[in-house]
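The chain that follows stands alone, in the form predicted alone, written as structure tokens.
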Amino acid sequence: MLIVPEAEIGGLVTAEDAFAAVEGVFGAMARGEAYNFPVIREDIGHAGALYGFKSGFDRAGMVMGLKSGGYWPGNAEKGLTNHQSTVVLFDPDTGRAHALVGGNLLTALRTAAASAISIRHLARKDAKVLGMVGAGHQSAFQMRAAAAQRNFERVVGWNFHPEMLGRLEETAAELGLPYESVDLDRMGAEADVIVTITSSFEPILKATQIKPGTHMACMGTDTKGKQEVEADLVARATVFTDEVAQAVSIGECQHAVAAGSLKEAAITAIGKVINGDYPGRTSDEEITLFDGTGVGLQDLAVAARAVELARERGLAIEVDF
């Protein structure tokens, strides 16, 4: 078995690697060559933790495995990341475990890659203003990935806790982009692309706040009950997602579908756009929305790339197992 420790991931996998891996597996999913297994996610009744598994099999890439992990809210006090995960890859031909990969940074990279893929394929080509809703750890990865997709001229940001907005300002400065903190009305009026990355259980953005032509990448809702934008906004938009079944059950689409304002058949897998089987954006006035729920195949794809690179560079630890 090969082991790729968490400490090695930062020097191995780039944002570009993650983008290519996730884009490829989204395309495979849309062709029916890769599929996710049902997600297990539980409150374990200890340490306030949510723990679970995401798994799947990509027949096109011959990648099979699972990501095990979750959220431990007290970890920051222990000097650890609250989100903890590990990926295990198995040989599809034999079922033997062949790689154990640190999954924390990979999770951040694959989540940012998904929103970036939606921006590349769905945002207007002339998008100039990037809006960021949320200023947590993941927001910096999201902004960097988004900024690589369009020639943005500035960034506007909003967060529940204003004292955290410095992260957005610092990341924008790193990218050479002017930054301004704004209220939600200005966010909707000015931003051409909006990335939401919060843990909200109440809608933040409303349909009346979003201007025509906006692309939204809603990346925070991955659990039943979570919600970042109101259902009327989802129903107003042309909706795309990583996996339709997950979007209607635990993604941003769950609320609009439950309200009857959005039909499951109206939601399109982003892989169909990647493969050229669906047009994506059809006008400059259309509001497009990507419901990024986070699927196990994303994790497996980037972990497989990490193993490939670690093997090439002699950084994988090999053990008998």
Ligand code: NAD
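Being a predicted model, the structure only gives us computed values, none of them experimental. Don't overthink the numbering: it's just position in the shown sequence, from 1.
A second form of this protein, the form predicted in complex with this ligand, is not displayed here; the remarks below concern that form.
- Using a 4.5 Å cut-off to this ligand in the model of the complex, each of Ala135, Thr198 and Asp222 places a heavy atom inside that distance.
- In plain terms, the part of the chain that comes close to this ligand in the model of the complex, with a heavy atom within 4.5 Å, is 154 to 162 out of 177 to 185, 120 to 128, 229 to 237, 154 to 162.
- This ligand in the model of the complex comes within 4.5 Å of a heavy atom belonging to Ile204.
- The closest heavy atom approach of His98 to this ligand in the model of the complex falls outside 4.5 Å.
- Among heavy atoms of Gly292, some come within 4.5 Å of this ligand in the model of the complex.
- Looking at His215, you'd find every heavy atom of it more than 4.5 angstroms from this ligand in the model of the complex.
- Scanning 71 to 105 for heavy atoms within 4.5 Å of this ligand in the model of the complex gives just one residue, His83.
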